[in-house]
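In the form predicted alone, a lone chain appears below as structure tokens.
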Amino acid sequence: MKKYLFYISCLIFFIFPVLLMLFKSVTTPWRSGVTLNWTLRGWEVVFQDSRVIESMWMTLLIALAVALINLLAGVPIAKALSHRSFPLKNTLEAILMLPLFLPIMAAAIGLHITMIRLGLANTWLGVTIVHLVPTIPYSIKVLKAGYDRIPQDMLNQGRMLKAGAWHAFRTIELPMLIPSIRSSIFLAVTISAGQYVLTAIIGGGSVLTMPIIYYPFLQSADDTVMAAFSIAFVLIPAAAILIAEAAASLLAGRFFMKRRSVL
């Protein structure tokens, strides 16, 4: 029963809205007394703007970079918070969650001053770094939950068998962290791709991402154009997640083949 409820909920709240938006992007606006016609005008208007393609690539690049940095920083921090005991551990965990409670405008203005001093203002690298502020806390929390599911005895057995840190991580921790890693990538990509205030302030209008282009399109009262742009916007995090999944599958396949050759 729960399985069917899950599928029905996905259909109602996720699949149906996307299909409806896709349908609206290829039809004329719905009005009383007006015949519904098929059209590609919405997509033509969107992609006639050369900035749209540029912003799609930039959004994808920044989202993937943010997801990668989240994993590189989040995994060791999450492991330390989950499997290590040290003074003020709970306090440190609370401090790491503080960016979630800061007003986004206050954080953006303070970080902008720092980025200017470092010469990173109006650059994609500066935007990538600032996108870590709202994403790192989520990644740490999700990855810590993944490490909490790994028994300490299992990690101790790896050390007793003289497994190195990298080998133990690859063969013991990584397979059990896959669900948490997927969730971390999804959250990082989605949050990064949707950032407007941080990108606008730190990027200074020089770094064009989809939100920067999207909001001016809101001035259009044309439902067909807005639907087409919304679908194009959704494709960015979807593409980033597919790329991350493909990379993870490729790495997992190589590790498996290497292990078989050793055996």
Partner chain sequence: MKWRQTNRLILLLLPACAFLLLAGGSLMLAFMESGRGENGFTWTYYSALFERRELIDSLLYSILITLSSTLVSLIAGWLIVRTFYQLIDGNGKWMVWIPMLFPHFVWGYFVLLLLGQSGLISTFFVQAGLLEDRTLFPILVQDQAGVGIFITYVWKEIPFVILMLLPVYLQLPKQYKEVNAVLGGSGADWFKTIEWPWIKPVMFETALIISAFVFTAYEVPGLLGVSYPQMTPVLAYEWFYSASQDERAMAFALLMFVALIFGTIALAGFALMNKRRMLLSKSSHRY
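Positions refer to the first chain, counted from 1. Keep in mind that what you see is a predicted model, and the values were worked out from it rather than measured.
This next part talks about the form predicted in complex with the partner chain, which is not shown.
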(request) Tell me, yes or no, whether Met21 is in contact with the partner chain in the predicted bound form, where a contact means a heavy atom of each within 4.5 Å. (result) yes
(request) Decide whether Ile231 counts as a contact residue for the partner chain in the predicted bound form under a heavy atom distance cut-off of 4.5 Å. (result) yes
(request) Report whether the minimum heavy atom distance between Leu143 and the partner chain in the predicted bound form is within 4.5 Å. (result) no
(request) Would you please decide whether Arg84 lies within 4.5 angstroms of the partner chain in the predicted bound form, comparing each non-hydrogen atom pair? (result) yes
(request) State yes only if every one of Thr28, Leu60 and Leu177 has a non-hydrogen atom within 4.5 Å of the partner chain in the predicted bound form; otherwise state no. (result) no
(request) Just give me the single entry in Leu161, Leu100, Met154, Leu125 that has a non-hydrogen atom within 4.5 angstroms of the partner chain in the predicted bound form. (result) Leu100
(message) Just to be sure I understand the contacts: of Leu68, Met56, Ala200, Val45, which is the one whose heavy atoms reach within 4.5 angstroms of the partner chain in the predicted bound form?
(response) Ala200
(request) For the heavy atom contacts within 4.5 Å of the partner chain in the predicted bound form, list the residues of 189-205 involved, in sequence order. (result) Thr190, Ala193, Gly194, Gln195, Tyr196, Val197, Ala200, Ile201
